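Before any questions on binding or motion, here is one chain by itself as structure tokens, the form predicted on its own.
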């Protein structure tokens, strides 16, 4: 297993590099760009614009050579200030700063600056990440647990009233657009009944902005009150995410479980007189989880980029809303940073899924 993990991890390096190139090309092909966006910002002087463009090898030149130089500067193997592969310290630019290398580029943790906010991109992403992780991790745990429970029971009680009810509600919620479902939840529980807050992470008049030093100081003084306040704000967006995803995943689990129950080894286990609980949970369930693991592993990375529609509707200041703001402002480096991090997480969780396969099904071995 360890050899497999090492081999796959090494194989991720060229894959991630290819993803970086594709992300860069797609952003370059999009209309507008950093230079045009800076011209729309009256707070930035032309001297500052010229210095910033030079730092990142950005110019009006649309030639392939200029694009390669820009990519190399963004990646960190080229120093745009010295206009060479050497840093100001004289060492190769891709080396760590402690070894005489440079400090620009994503390989050095420098994702550039947000054109709209004027802040480091990585700082903005790490600032918004906790809100998204809190929302999506809670939603993920709930919807995977509920989907597995509903799918397994529906498969065991095939064509029963329970199975028909689960099927009906799955089709209903799977068909409803998330934005419409979210707005209806706000209208019902926040506007009509007024029992839940409609938007945001915290109550503005009671608490400072979330994930700031002032907020954590207030959290330390009254942690119970802070948790209750965040919990009330979580109910609506989590409910929307759970309803929207349980609908599809429960059908997926049901189909996978039905396929496992019809296998020869399950019939053999029943013929041996094993209890039905043992047959279902020990033999059928573990085999049915293999495709489910794949499905969940592909869903998790998109949660890290944020439930974009849900965060926008509920003004949840996480990665999804940050991405929407970046698209609206055509924030070149911010969008590239989010795309890169999301792509990397997708690749990593595919590796995690392969490892989990061996845990779920002992028959799988990686030599």
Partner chain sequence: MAETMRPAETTELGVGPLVPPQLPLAGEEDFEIQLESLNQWQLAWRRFKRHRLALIGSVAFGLIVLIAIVAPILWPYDVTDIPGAKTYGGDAPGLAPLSRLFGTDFGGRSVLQQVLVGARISVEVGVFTMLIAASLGVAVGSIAGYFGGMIDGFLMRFVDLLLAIPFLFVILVAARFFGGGDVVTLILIFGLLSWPGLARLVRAMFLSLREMDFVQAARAVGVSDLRIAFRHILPNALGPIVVSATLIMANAIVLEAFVSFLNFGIRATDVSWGNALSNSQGYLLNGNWWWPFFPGMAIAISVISVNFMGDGLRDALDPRARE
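Positions refer to the first chain, counted from 1. The shown structure was predicted, so the numbers you read here are calculated from the model rather than taken from an experiment.
Form predicted together with its partner chain: not shown, discussed below.
Engineer: Can you tell me which of 150 to 158, 177 to 185, 75 to 83, 120 to 128 lies within 4.5 Å of its partner chain in the predicted complex, counting heavy atoms only?
Structural biologist: Comparing against its partner chain in the predicted complex, the contact stretch is 177 to 185.
Engineer: Work out which of 300, 58, 49, 27 lies within 4.5 Å of its partner chain in the predicted complex, going by heavy atoms.
Structural biologist: Partner contact (heavy atom, 4.5 Å) among the options: 27.
Engineer: Contact with its partner chain in the predicted complex for residue 91, defined as at least one heavy atom pair within 4.5 Å: yes or no?
Structural biologist: Result no; residue 91 lies far from its partner chain in the predicted complex.
Engineer: With a 4.5 Å heavy atom cut-off, would you call residue 171 a contact of its partner chain in the predicted complex?
Structural biologist: Yes - in the predicted complex, heavy atoms of residue 171 and its partner chain come within 4.5 Å of each other.
Engineer: So, in the predicted complex, is residue 328 in contact with its partner chain at a 4.5 angstroms heavy atom limit?
Structural biologist: Within the cut-off, so yes.
Engineer: I'd like to check something about residue 312: if you look in the predicted complex, is any of its heavy atoms closer than or equal to 4.5 Å to a heavy atom of its partner chain?
Structural biologist: The answer is yes: residue 312 has a heavy atom within 4.5 Å of its partner chain.
Engineer: Between 3 to 21 and its partner chain in the predicted complex, list the residues on our side with a heavy atom within 4.5 Å.
Structural biologist: Contacting residues: 15, 18, 19.
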